[in-house]
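Form predicted alone, single chain, as structure tokens, below.
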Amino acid sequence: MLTDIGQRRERLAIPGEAYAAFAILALLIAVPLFAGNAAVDKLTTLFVYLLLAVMWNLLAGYAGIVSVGQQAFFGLGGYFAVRLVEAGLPPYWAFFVGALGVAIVAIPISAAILRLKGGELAIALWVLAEVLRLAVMFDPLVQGETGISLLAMNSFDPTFRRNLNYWLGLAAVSGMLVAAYFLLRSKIGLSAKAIRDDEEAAKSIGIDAMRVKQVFFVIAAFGCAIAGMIWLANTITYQPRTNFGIQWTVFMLFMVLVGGLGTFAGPIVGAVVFFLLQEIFGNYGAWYLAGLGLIAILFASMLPGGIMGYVQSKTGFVPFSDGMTQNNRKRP
């Protein structure tokens, strides 16, 4: 019993890296107080990328659910917000309630779609995203491809709105990272690793694979919906082709692949790398997209573990160990 208590305390203990994270968080909270509007907007966009990367890594990296349709929840979150605002709910309340609505909708979706495996599951999720996009386009409020502007956001002072969106994005990223950290170190998180490695073997030892995968699926849907809300709050305009665009999943794939699939810090590193590449080379159009594809191919063939996988293999250090990998630092 004492051993079990010790192991439980070890799983729930806050790692030393958290102190550095707290310092970074404190600095980020203060950014709107000294940075310009452009910097605040760009960092808000980075928070959207971080949320998407972390959520996709939860699915594929830990639960073994490879999805090419997470844009379904990104777009659905924005749509729910638009509808709730139209019904009279204040915008920021609509964002929160809309994200919860997406999580609720994801429950029956997960019960049906997670019965599929591998490529069938991935394609089914992509088809789901396209079906939802077409359904939203038929809503007269959205006006098809034209989309709709969330005019209610204009009631806020522009500077106040920009800063509030920034802090909302920062709070969402911080909250989802903390939730993911403790989820991965819980019994459900350890069960997810067993399912990812060998689902049939996991079932044979009594793990309820469907329930575990549903938990990860719904949390990821909720996180992607929040990302969609923040994007809408920042851009104000909702367009189905953009909000349900496949490019969001492509971005997720790239960030997680480059940062390190199945590592806690990998999506964070990958999101920062992607953001910097976009800032430096984004104006090159097709050449920029081709460059992203080339980088992804190089990582897949030469560095399949991503940046954090390489760091782990060379140093033995796993930042924010998730309880699924050995957090052994390299000793001299």
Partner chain sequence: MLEAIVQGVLLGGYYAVIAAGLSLMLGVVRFINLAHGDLAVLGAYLALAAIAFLGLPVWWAFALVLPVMAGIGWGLQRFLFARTLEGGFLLPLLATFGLGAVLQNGMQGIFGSETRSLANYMGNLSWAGWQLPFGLYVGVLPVLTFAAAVIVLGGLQVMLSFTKIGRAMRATSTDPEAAELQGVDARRVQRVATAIAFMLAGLAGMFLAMRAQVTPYAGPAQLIFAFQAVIIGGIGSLWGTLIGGIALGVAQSLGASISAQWFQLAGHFLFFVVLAIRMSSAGPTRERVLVWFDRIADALRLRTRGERKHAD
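Positions refer to the first chain, counted from 1. Keep in mind it's a predicted model, so treat the numbers as computed, not measured.
A second form of this protein, the form predicted in complex with the partner chain, is not displayed here; the remarks below concern that form.
Visitor: Could you work out which of 38, 280, 290, 27 is the residue within 4.5 angstroms of the partner chain in the predicted complex, going by heavy atoms?
Guide: Looking at 38, 280, 290, 27 one by one, just 290 meets the 4.5 Å heavy-atom criterion.
Visitor: Scan 152, 116, 179, 164 and let me know which has any heavy atom within 4.5 Å of the partner chain in the predicted complex.
Guide: Filtering the options by heavy-atom distance leaves 116.
Visitor: Using a 4.5 Å heavy atom cut-off, are 134, 250 and 261 all in contact with the partner chain in the predicted complex?
Guide: Each of the three qualifies.
Visitor: Among the candidate stretches 74 to 82, 87 to 95, 108 to 116, 228 to 236, which one is within 4.5 Å of the partner chain in the predicted complex when only heavy atoms are counted?
Guide: Contact-bearing stretch, as computed: 108 to 116.
Visitor: Is residue 124 near the partner chain? Define near as a heavy atom within 4.5 Å, in the predicted complex.
Guide: Yes, residue 124 lies within 4.5 Å of the partner chain in the predicted complex.
Visitor: My question is simply whether residue 138 lines the interface with the partner chain in the predicted complex - judged by any non-hydrogen atom within 4.5 Å.
Guide: Yes, residue 138 is a contact residue.
Visitor: Within 4.5 Å, heavy atoms only: does residue 257 come near the partner chain in the predicted complex?
Guide: Taking the distances in the predicted complex, the answer for residue 257 is yes, it comes within 4.5 Å of the partner chain.
Visitor: Can residue 103 be called a contact residue for the partner chain in the predicted complex at 4.5 Å between heavy atoms?
Guide: No.
Visitor: For a quick check, can you give me the residues of 34 to 57 that have a heavy atom within 4.5 Å of the partner chain in the predicted complex?
Guide: Sequence-ordered list has one entry, 56.
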